[in-house]
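Single chain ahead, written as structure tokens, the form predicted on its own.
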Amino acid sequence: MTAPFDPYDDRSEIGRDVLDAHVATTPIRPARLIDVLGRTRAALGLKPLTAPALLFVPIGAILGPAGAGWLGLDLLGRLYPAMSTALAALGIFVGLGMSLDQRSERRLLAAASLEAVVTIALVSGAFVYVLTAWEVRPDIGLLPLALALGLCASATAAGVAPADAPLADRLAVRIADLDDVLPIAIGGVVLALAATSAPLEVLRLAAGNVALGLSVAVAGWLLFDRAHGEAERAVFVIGVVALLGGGAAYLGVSPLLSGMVAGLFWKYAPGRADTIIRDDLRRLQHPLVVLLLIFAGASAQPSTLALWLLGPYVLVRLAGKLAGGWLVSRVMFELSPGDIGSHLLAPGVIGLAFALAFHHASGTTASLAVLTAVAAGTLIGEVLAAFALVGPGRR
């Protein structure tokens, strides 16, 4: 058995997933239900007493075409390139959060990828079976729709474990941090499938997705350290992130993957590119996530297909996460199923981000139903996770 290790023993600021914040661990009492909902995950470092998805997705739905109509379909279409920049920023943070030069991190990434694969396989397989049994023929194709739902379901937001937390809790949180990596990578191929069914074209789009991230990352690396002053450097950073997001939107590829590739390049490139991009992007992270959640809520539109997808999505995602956590506990002896299972329930923002990118790449009725089901499932998942993490059994 491998000796216990501390996942935050090095690069602790980078090692923790900056997409998430603290989660309260006090028992639930009926009078404190609102407190519990207010202590759910906060994407991109929002304060622990805020619940961004539970608050801003409904606000977006109220403002969108299905509500007051202040954010119409035409306006949402024109705003997507800006939202693509927010998606690229999320990908950058995921890339910066990986530490592939550390054996302990590689082991945790392997465990997180195993958990993600289990969830993707169970959810995608379940939807292939269910939609075939229901004789539903989505206009985007059965396989891309099922894979998209599986990828959205596999994303997890994890809380930040305190330094004095038990080792099992810190390991579970870090696995939950890293299980976005493989879905983002696979998502580049799935978005290509959403745009075309020609195998060579799918490969070309997926390769172009990675090439975009690398080329923009190299350009940023050459610029950041040569900037004359903080103001000029901030302009370079914003321009590079906008180029990642705008280029991905123009090509119809995944801004999450382009951003993750760029973030990983900056992390290991010589110089201070990773520190520069992380410090400067933190000034924008809160407004970007708020806008992203509002945009996702406004883009969602209730439909019969979305309603039919929602129930199986919530139930099978829950089963997939618990099965994935159990399997991880079989290969990581430091963990028990109870240690990791509850940490994998909160959907966070990455699943919604991928659903947005998927709908933009496809633009079909079925992809809109996926976005709507994932948006509603995210709200339900956040509530379930709040109860799982702050129940009497958690200390």
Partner chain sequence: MRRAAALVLLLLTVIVLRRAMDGDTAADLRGTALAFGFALIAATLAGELFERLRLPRISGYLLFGLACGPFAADLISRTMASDLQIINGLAIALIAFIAGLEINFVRIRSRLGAILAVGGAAVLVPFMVLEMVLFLAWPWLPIAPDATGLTRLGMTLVLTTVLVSFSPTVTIAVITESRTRGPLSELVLSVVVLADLALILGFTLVMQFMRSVNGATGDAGVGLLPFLVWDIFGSFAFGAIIGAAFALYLRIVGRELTLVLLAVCVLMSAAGEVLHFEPLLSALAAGLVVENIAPPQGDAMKHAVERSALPVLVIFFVAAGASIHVDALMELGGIAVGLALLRAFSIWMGVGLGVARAGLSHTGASMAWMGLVSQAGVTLGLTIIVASEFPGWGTRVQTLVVAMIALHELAGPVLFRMALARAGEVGGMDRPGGLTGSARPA
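Worth saying up front: this structure is predicted, and the values here are computed from it rather than measured. Numbering follows the first chain given and starts at 1.
FYI, the form predicted in complex with the partner chain isn't displayed, but the following is about it.
Complete contact of Glu135, Pro144 and Pro199 with the partner chain in the predicted bound form (any heavy atom, 4.5 Å): Per the other structure, none of Glu135, Pro144 and Pro199 touch the partner chain.
The unique member of Asp139, Asp101, Glu230, Asp279 whose heavy atoms fall within 4.5 Å of the partner chain in the predicted bound form: Of the candidates Asp139, Asp101, Glu230, Asp279, Glu230 is the one lying within 4.5 Å of the partner chain in the predicted bound form.
The single option of Ala242, Val314, Val290, Ala110 touching the partner chain in the predicted bound form, heavy atom within 4.5 Å: Looking at Ala242, Val314, Val290, Ala110 one by one, just Ala242 meets the 4.5 Å heavy-atom criterion.
The partner chain in the predicted bound form: contacting segment from 298 to 306, 210 to 218, 117 to 125, 321 to 329, heavy atom within 4.5 Å: It is 210 to 218 that comes within 4.5 Å of the partner.
The partner chain contact in the predicted bound form: His360, any heavy atom under 4.5 Å: Heavy-atom contact with the partner chain at 4.5 Å: present for His360.
Exercise: Gly247 in contact with the partner chain in the predicted bound form, heavy atom 4.5 Å: Gly247: yes, in contact with the partner chain in the predicted bound form.
Contact label in the predicted bound form: Arg78 to the partner chain, heavy atom within 4.5 Å: Yes, Arg78 is a contact residue.
Partner proximity in the predicted bound form: Leu167 to the partner chain, non-hydrogen atom cutoff 4.5 Å: Because no heavy atom of Leu167 falls inside 4.5 Å of the partner chain in the predicted bound form, the answer is no.
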